[in-house]
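Quick setup: one chain, the form predicted on its own, written in structure tokens, and binding and motion questions come after.
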Amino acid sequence: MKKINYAVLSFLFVIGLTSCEKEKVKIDYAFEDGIFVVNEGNWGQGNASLSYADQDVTKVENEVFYNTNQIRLGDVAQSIGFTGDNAYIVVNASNKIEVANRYTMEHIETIAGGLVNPRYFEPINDYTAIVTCWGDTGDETDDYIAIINTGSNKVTGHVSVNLGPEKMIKNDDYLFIAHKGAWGTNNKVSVYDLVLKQITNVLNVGDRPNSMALTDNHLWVLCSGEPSWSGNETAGQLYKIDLNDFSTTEVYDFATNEHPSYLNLDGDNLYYYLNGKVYQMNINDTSLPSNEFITYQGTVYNMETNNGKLYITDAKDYVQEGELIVFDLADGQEKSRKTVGIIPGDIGFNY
């Protein structure tokens, strides 16, 4: 009988392990390096969902949150944000945020306390995020921002703000909050000092500020104006605000019946949507563009730019499944379109 040399076997075992370790490659996570689309779903029906696409929108997987966890998102998914390894899906009418691993979409926990009509999520640092909240929509004085500890995933505080806080954008020690006005109307941008942890300035802009962009030393604020159905129609406006002293350096006026939305920045160009057309404006231009860059006739529910591409979500008739469409900003040509969920809105770039 041959004797077993256990020393040799141990050596070979270690060599084998070492070899395996050398052959390890980066794990290909299911939802890394792509795009999440937040599908609101219909009010009161609890049919919100999350879709995932690759950067070029050549393939799409729908219902990724439900398929991973067998849990429904809830009623009216509003937006998505990221910090660390986690994704935070804000579910407006359900008054909660669903927390999941951003790469696997495995559910971690639900943030439910301290959120009334939450809207948008903005990470501040490794352990803090801020969420805009409308509060009770019947009360125009109870709007606030919720402070989230992203370590414990708890709401740790509130700061009262103007009516209808919506999208936010961070620049150094300041957070800018656009106040579109919830179910009412507003014309403010709040400046929240992240060091002092308080609102230090409230800037007057045009009616219904809906989106913002940052360049080197300026904040751009796009205001849609009051719509005709309000009975007090006002023109859309684009504000250029100096970040040194928060003064308005330029106001670009649209026609009274023009109500632009979805301001984005890619490189040195601003993009916005108006009446079935996407317009491109260089940040050094002294007037609004007269010719469109892209024509898109549909029910545009959101528009985002990223890495030389423009993404549009089309809500169709708000009942059937919508679409995600991608354009190349180099030539303005449509590159792909795919079916997503019902009422696709916010887009999260998981890069």
Partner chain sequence: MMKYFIIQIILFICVSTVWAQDKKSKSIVLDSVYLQAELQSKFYYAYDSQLLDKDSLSLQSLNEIIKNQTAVFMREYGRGMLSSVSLRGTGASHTQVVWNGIPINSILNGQTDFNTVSANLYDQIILKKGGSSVDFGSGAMGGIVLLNDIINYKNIPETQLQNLYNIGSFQSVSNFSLLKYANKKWYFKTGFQLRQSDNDYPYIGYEFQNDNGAYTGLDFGIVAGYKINRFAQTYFKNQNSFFDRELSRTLYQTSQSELITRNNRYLWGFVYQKDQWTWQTDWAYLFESYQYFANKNTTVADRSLSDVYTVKNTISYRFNHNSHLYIKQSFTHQQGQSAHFDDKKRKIWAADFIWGQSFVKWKYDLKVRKEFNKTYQIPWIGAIETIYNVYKNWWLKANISKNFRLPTFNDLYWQPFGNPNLKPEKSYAVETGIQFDNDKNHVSFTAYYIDSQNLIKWTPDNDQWWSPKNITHACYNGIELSVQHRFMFTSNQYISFKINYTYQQATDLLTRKQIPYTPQHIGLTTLEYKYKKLKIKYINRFTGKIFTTSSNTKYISAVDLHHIVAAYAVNNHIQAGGSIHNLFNTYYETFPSRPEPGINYNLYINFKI
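Residue numbers count along the first chain shown, from 1. Keep in mind that what you see is a predicted model, and the values were worked out from it rather than measured.
The form predicted in complex with the partner chain exists for this protein as well; it is not shown, and the discussion that follows is about that form.
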| message | Can you tell me which of 235 to 243, 188 to 196, 264 to 272, 91 to 99 lies within 4.5 Å of the partner chain in the predicted complex, counting heavy atoms only? | response | 91 to 99
| query | With the cut-off set at 4.5 Å between non-hydrogen atoms, does Y29 touch the partner chain in the predicted complex? | reply | no
| Does at least one non-hydrogen atom of L329 fall within 4.5 angstroms of the partner chain in the predicted complex? | no
| said: Under a 4.5 Å heavy atom criterion, is V300 part of the interface with the partner chain in the predicted complex? | reply: yes
| request: Answer yes if any heavy atom of F293 is within 4.5 Å of a heavy atom of the partner chain in the predicted complex; otherwise answer no. | output: no
| Among R72, H158, K154, K170, which has at least one heavy atom within 4.5 Å of the partner chain in the predicted complex? | R72
| Heavy atom within 4.5 Å of the partner chain in the predicted complex - the one residue of D33, E61, E321, D285 that qualifies | E321
| query | in the predicted complex, which residues of 325 to 342 put a heavy atom within 4.5 Å of the partner chain? | reply | I342
